[in-house]
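Just the one chain here, the form predicted on its own, laid out as structure tokens.
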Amino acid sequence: MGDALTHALQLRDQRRPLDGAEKQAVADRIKQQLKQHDATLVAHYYTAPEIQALAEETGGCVSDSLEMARFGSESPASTLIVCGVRFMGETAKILSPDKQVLMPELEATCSLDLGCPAEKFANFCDQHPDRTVVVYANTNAAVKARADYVVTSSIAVDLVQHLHDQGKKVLWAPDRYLGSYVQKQTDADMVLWDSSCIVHEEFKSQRIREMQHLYPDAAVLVHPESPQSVIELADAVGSTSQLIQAARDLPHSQLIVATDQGIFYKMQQQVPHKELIIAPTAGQGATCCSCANCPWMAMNSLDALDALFGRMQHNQIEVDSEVARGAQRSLNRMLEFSARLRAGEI
């Protein structure tokens, strides 16, 4: 993970900020290219506000990884441009094999993906042949191909509860914090892979308690990839989409938010009258790797998106056909379960 993280941080630190006029000029060029190439933008909540705004303005999608997968598979566009991290691009390609899937930066990855290599994960599964394998969406295609189910954080508890009710034991990967949270919520028999998100692992309960002292009337919103000690302080725990919903539903006028600060763009749209406060990372005076902002998500800059159209053949996502078939099975189960859940059938 070290080299990939170092590269992402270097790119972040070297990037020259664009002023307002430059941003508008770049955005206008991108809009023209999208029309020319019959392309649509699929952007995650954690990308930069200007990327999310561009996706909205051009009829694309800004959402969590579950809705990104659904939107991409249903979009009439012949080209999908995924602004997120690599596993999201792979998922889009697997579910839309006949479409061209591009990313501004193919090296944009995820600490959870890096922390769960396919070969080691396969060996782990072989050690527990009696368990149903459930993997988080933040994994590469080969890991998904070995799984029985893929889940996002928005349906993880529901899916594992469903399996537990059927008497099944679960092997979970890769995020140990999310896995522990799901286990506590469902009381399921689970064995957990040991990996974590570099963004959410940096939130610390002591620092959030200090924020609660400074903002005694604020609610605390926490993503379940965070440590248990942080989750215990939360007024609402959930996926990105669930935290945005909680921001709307909670009566508090101030919200301390413990997830990637990219979420502020959509959250503030929903609650323009509320004050959003990013939860601090690490301890006093510490230097963090993410500072509540995924360095790989930050690789999806306007400049990178603008440059993409001059190197489209080099920025395509491809997935081995055999791996794609296996991953498509577990991804389709995710989408089918989600649809039944929304329909009230589960």
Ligand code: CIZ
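Worth saying up front: this structure is predicted, and the values here are computed from it rather than measured. Numbers for residues come from their place in the sequence shown, where the first is 1.
Beyond the structure shown, there is the form predicted together with this ligand, which is absent from this document and is the topic of what follows.
S226: touches this ligand in the predicted complex, heavy atom cutoff 4.5 angstroms: No.
Distance check, S65 to this ligand in the predicted complex, heavy atom within 4.5 Å: S65: yes, in contact with this ligand in the predicted complex.
S239, heavy atom within 4.5 angstroms of this ligand in the predicted complex: S239: contacts this ligand in the predicted complex.
Partner contact for S195 in the predicted complex: this ligand, 4.5 angstroms, heavy atom: S195: no contact with this ligand in the predicted complex.
Interface segment, criterion being heavy atoms within 4.5 Å of this ligand in the predicted complex, picked from 226 to 234, 96 to 104, 166 to 174, 130 to 138: Partner-contacting stretch among the options: 130 to 138.
Within 26 to 49, the residues that have a heavy atom no more than 4.5 Å from this ligand in the predicted complex: Result: H44, Y46.
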